[in-house]
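Listed next as structure tokens is one chain, alone, in the form predicted alone.
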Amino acid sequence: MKIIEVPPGWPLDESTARAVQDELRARVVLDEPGPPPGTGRVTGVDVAYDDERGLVAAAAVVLDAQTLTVIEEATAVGRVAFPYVPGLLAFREVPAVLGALASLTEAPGLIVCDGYGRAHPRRFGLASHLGVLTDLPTMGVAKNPFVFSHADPDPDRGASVPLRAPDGEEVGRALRTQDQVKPVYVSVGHRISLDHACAHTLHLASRYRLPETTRRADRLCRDALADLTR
């Protein structure tokens, strides 16, 4: 498998990356509802790291949004493009994720990231970053909250509570996808509403806590990383 090198001109230090975040954040579209849940295609993206060799494997899995059957899968392996800095993880992952998306022959439709969009200290997590660069509707579904506290949702599937920034802005929701199970953390990335993002998450998580997009992409990127050592 060809290794994707760090793109020329890619930010390599924290101050440059923050400046790029500021520039790209201004291009996020927040006034579109996005595709209706259960329609078209939905693509899960995720990454896995090989820290010893400085590599990151990205996976993109395209599903039929109604039936959740897999239409296409693609992977890419790249050099880790940025040091580990909380709040700037997208700069480590985006080149490999773009490589996986570029390998698809089918249109990805809505992209679901294992991470954050607006629910980010600078309001610009991976889902927003990827959405702006691709101009596709994107959303984030994270396993754990980043820096925002929240009340406990009711125990039933579909219950949610806001994730609020210190200024009171609702930047996402803690959403219960299964009865009596820990919530996931949903936020807007680009060109989708928070209501629709939560509805998509519930549709995609019909059997398990995590969306089917995330479950399949997680397994695929880990398999791609394992293939490098065989």
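Start at 1 and count along the sequence shown; that's the residue number. Every value quoted in this text rests on a predicted model; they were computed, and no experiment measured them.
A second form of this protein, the form predicted together with the DNA, is not displayed here; the remarks below concern that form.
Engineer: Would you kindly say which of 71, 89, 98, 74 lies with a heavy atom within 4.5 Å of the DNA in the predicted bound form?
Structural biologist: So the residue touching the DNA in the predicted bound form, by this definition, is 89.
Engineer: From the candidate stretches 153 to 161, 81 to 89, 130 to 138, 100 to 108, select the single one in contact with the DNA in the predicted bound form, where contact means a heavy atom within 4.5 Å.
Structural biologist: Residues of 81 to 89 come within 4.5 Å of the partner.
Engineer: Is residue 194 close enough to touch the DNA in the predicted bound form, meaning at least one heavy atom pair within 4.5 Å?
Structural biologist: Residue-level check for residue 194: no, no contact with the DNA.
Engineer: Please determine whether residue 48 contacts the DNA in the predicted bound form, using a 4.5 Å cut-off between heavy atoms.
Structural biologist: Output for residue 48 is yes: heavy atoms within 4.5 Å of the DNA.
Engineer: Taking the DNA as it sits in the predicted bound form, is residue 144 near enough to touch it, meaning that at least one heavy atom pair lies within 4.5 angstroms?
Structural biologist: Answer yes; at least one heavy atom of residue 144 falls within 4.5 Å of the DNA in the predicted bound form.
Engineer: Does the DNA get within 4.5 angstroms of any non-hydrogen atom of residue 222 in the predicted bound form?
Structural biologist: Because a heavy atom of residue 222 falls inside 4.5 Å of the DNA in the predicted bound form, the answer is yes.
Engineer: For the stretch 108 to 126, which residues lie within 4.5 Å of the DNA in the predicted bound form by non-hydrogen atom distance?
Structural biologist: Sequence-ordered list: 114, 115, 116, 120, 125, 126.
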